[in-house]
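One protein chain, two forms: both are listed below as structure tokens, the first as structure 1 and the second as structure 2.
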Structure 1
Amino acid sequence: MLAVAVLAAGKGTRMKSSLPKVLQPLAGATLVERVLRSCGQLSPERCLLIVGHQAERVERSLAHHSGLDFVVQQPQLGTGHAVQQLLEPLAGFAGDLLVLNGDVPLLRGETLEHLLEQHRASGAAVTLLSARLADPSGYGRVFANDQGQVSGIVEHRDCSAEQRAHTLVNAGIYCFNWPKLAAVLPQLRSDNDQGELYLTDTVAMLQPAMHLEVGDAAEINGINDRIQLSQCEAVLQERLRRHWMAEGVTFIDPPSCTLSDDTRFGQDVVVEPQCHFRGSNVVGSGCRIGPGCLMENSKLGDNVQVVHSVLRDAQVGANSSVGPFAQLRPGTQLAAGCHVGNFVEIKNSTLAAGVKVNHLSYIGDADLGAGVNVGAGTITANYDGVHKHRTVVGAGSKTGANSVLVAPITLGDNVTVGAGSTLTKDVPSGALALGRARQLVREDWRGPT
């Protein structure tokens, strides 16, 4: 049996933010969400989040996580005090307790699996995660024999000059035999510089104590300020890019692009410089994205090209092109073979196969049939000042330059709209529609004198 406890009660003063530290965003997810994901594959029987600072806000942000128990730590008197709050919720629990920190978001699930496996195989009372750092300043040093048995942990400020040269550090991630830990938790004392109860002190009370050295020291990176947040973002982005390059995606300038965990790519995708993916995205095989694109919660079919454009909550069918300088807003759906060109904005609209909107147009709250050709500067006037109304254009129709379709309005199939027209009434199929003032020409015009 396994229980997981995540320490998430801290304020994070050095972040200088009204947002609790564990709710700071990292590659599209909060720090604490990333920690919870890292242990998800362990399938724990219990998952407990120890909260304190802005506890209600943290709980609301995680309301969608089922099976998560919240334990309040008030006041916050150290990591040992935080885990003491579990004595009642875990009364009678006879399994192992994995203790994680809500501000250490880069741990891999495989690392935690290995930690748990070694802990159980060794029969240890506690197994802690360790790492070797080129600069171990600020970390407690771990002293252990060749078999991995820990003889002691010395905090940085208490180390001698010789001990400070030791590079094996305590990552603050523990796997405990819960009944043994529960027996010693009440013995913790706060006679230290901070006047707090340290979970680290339990290691000396529990035997045998073992450690597992993590292969990638970046996994234990904690976040206390925005500099460290940016450093973790860089590590995570590098992981994501390397993963997708191994899966057949080409990044022309990898460091200039950022990804989200929930972005998926097909094979033979080319991502040009300065492209950014937010939320949940799907990019089909053979697509070419960028340069200079933003995709958020959008889906592209195969062989789509997008250049210098923004897509949010949009879907684009196969063999379509978007941009440059186009914006597809939420609710936009393009079928196969559509072309959306420069300075075009589309919102909450459906474009059937082969529709072309190539220049300087706004299409909002509209349904365009197959093969419609939208002339430069065409506008669907969808808002009457109170309500939004829909425009419907039948298959094969075409609008001339600088046309305005005042919704609600329906154009049948194969309608031709003359350039410069403003239409306010429905048009039947096969018709020519003109709605402009008669041209007036006065020859030999001298102007006012």
Structure 2
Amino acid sequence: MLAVAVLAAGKGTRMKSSLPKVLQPLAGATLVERVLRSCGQLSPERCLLIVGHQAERVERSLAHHSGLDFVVQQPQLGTGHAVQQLLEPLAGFAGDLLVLNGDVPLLRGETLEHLLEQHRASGAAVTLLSARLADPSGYGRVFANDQGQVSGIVEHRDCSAEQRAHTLVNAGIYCFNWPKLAAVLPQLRSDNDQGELYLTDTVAMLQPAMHLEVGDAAEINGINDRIQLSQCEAVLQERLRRHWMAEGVTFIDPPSCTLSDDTRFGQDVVVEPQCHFRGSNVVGSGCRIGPGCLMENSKLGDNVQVVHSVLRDAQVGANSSVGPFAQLRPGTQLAAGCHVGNFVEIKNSTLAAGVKVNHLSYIGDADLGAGVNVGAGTITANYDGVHKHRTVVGAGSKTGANSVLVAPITLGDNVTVGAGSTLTKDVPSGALALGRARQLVREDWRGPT
């Protein structure tokens, strides 16, 4: 039987943020979400989240997670006090309790599985994860013998100068025999530099206590300030890029690009420098993206080219090209073989196959039929100051340069719109529409004398 408890009640004073620390984002997911993911594959019987500082906000952010029990710690008197709050909800529970600090987000699932296996095989009262760090400052120091048996943990601030030189640190991840832990939790005392109840003090009370040293020390990076947050972001980004390079994606300048967990690439994609992927994206095989793109919750078919552009909640069909300097806003759907060129903004619009919008246009709330050619500077005037209206343009139609289509308006198939026209009325298929002042030429003109 396994229960997992995540400590997420602290304020995170050192972050200097109005956001609770465990809600800080890391590669698009909050710290606490990442911690929960790291233990997902253990399939625990119970999963308890200890919340306190801005508890409601933390609970709300996890509303989509099923099977979480929230336990409130009020006030927050330290990590030992946090785990004391489990005495009631876990009364009678006879299994193991895995305790995870909510601010240690880079743990791999396999590492936790390994910890649990070792804990169960040795029959220890507690097994904790440790790491050897070149710079151990800030972490609790773990004192252990050569057999891995731990005598105690001393917090950085409570260490003597000699103890501070010790480089084996506590990751803040523990596997406890719950009945044994429950028996010693009430004995914790706050006679330390912070005047808090430390969970780490239970280790000296529980014997045998063992530690398991992680191979990759980056896994146990704890986040207490913005510097550590950025260091963890770098580790995570490196992991994501390496994963996708192994899957057949070329990054021309990997460190200049950032990815999200939920971005998927096909084979032979080339990502040029300074490209950023956020949220949930799909990039088809053979695409070339960048330099300089931002893609958020968007989907590209195969062999799409995107240069210096921003795509949000947009879909682009195969063999299309976007940019340079285009913006595809939410609700943009391009079918296959579309071309969207420089200084073009598209929002909430569908473009059928082969549509070209090559220069200086705004297309909003519009449906453009197959093969439509939108002339340079064409604008859909979709907003009357109160409501938005749709523009519909039939297949094969062409708009001349600098046309304004005042919505609601429907142009049939194969319509030609003369350059500089402002159209306010529907146009039937096959017609030429002109909506501009006639040109006046005065040959007898004499300028001011």
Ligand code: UD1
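Given the structure is predicted, the values throughout are model-derived calculations rather than measurements. Sequence positions of structure 1, starting at 1, serve as the residue numbers. Here the rigid core means the biggest group of C-alpha atoms that line up within 1.5 Å when the two forms are laid on top of each other.
S.K.: Between the two structures, is it 1 or 2 that corresponds to the form predicted in complex with the named molecule?
M.R.: Answer 2, the form predicted in complex with the named molecule.
S.K.: Taking the rigid core as the reference frame, tell me whether residue 138 has a CA displacement of 2 angstroms or more between structures 1 and 2.
M.R.: Yes, shifts by 2 Å or more.
S.K.: Verify the C-alpha shift of residue 192 between structures 1 and 2: is it 2 Å or more after superposing the core?
M.R.: Yes, the C-alpha moves 2 Å or more.
S.K.: Core superposed first: is there a CA shift of 2 Å or greater at residue 150 between structures 1 and 2?
M.R.: Residue 150 C-alpha, core-superposed: shift of 2 Å or more.
S.K.: For residue 444, what C-alpha shift in Å results between structures 1 and 2 following superposition on the rigid core?
M.R.: In the core superposition between structures 1 and 2, the C-alpha of residue 444 moves 4.6 Å.
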